[in-house]
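In the form predicted alone, a lone chain appears below as structure tokens.
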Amino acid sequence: MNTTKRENPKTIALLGGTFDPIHLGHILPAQETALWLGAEQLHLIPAHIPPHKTGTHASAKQRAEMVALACEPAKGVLLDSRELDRDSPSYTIDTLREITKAQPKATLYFIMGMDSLLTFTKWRHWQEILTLCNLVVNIRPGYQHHELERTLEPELAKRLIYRLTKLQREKVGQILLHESTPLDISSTKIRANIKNSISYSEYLPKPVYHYIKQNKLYR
């Protein structure tokens, strides 16, 4: 099952994750970032078997259905279920290769958090990833850029871009920093709240909240 629309956008923003469950802390910053970039589509890509995790709490089918529900009211936000069709661990490089093959004229922006950037050189074929897309790193407002430059590997530090106006649209391998509005929400907290009968509805799109209740997930 792959519900990605067969269109030919010029710019696509990508957000991967376990989405166990998907929540507003995933969706709202990603939408804000995609709008800032001028991306025509935002693809939400649930991971089948995350390389850094032992498993998931909801099934692949349930997580895909929750992402699809979250996408329904949002224009240009799509479930991309290609990783769920694999029987192997979900690696970003494989996904980017597939999307590039399907949309060779599109510019890809892969959205990630600061923690992911700091460990990026441990990702599989990270050098090739930089030949297929630009990275967009959501940081907290007021983050000191010089601290990041000192922390990152030199190969990554030299690719940093601090202003959207400096982005070269025809190129890949750029690392663009975006000051996004932080939301203190996590799937772990939501699952814990459900298990302990604590309110959690405010963290989720309404259709996802009702899906979790109907299917008695995370209890």
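The structure displayed is predicted, hence computed values, not measured ones. The first residue of the shown sequence is 1; numbering continues from there.
Just so you know, the form predicted in complex with a small molecule exists too; it's not on screen, but the next bit is about it.
Heavy atoms within 4.5 Å of the small molecule in the predicted bound form belong, among the stretches 35-43, 157-165, 186-194, 65-73, to residues of 186-194. Contact check at 4.5 Å (heavy atoms) against the small molecule in the predicted bound form: all three of 19, 26 and 113 pass. In the predicted bound form, the small molecule sits beyond 4.5 Å of every heavy atom of residue 208. Using a 4.5 Å cutoff between non-hydrogen atoms, residue 204 does not count as a contact of the small molecule in the predicted bound form.
When the small molecule is considered in the predicted bound form, residue 12 lies well away from it, no heavy atom lying within 4.5 Å.
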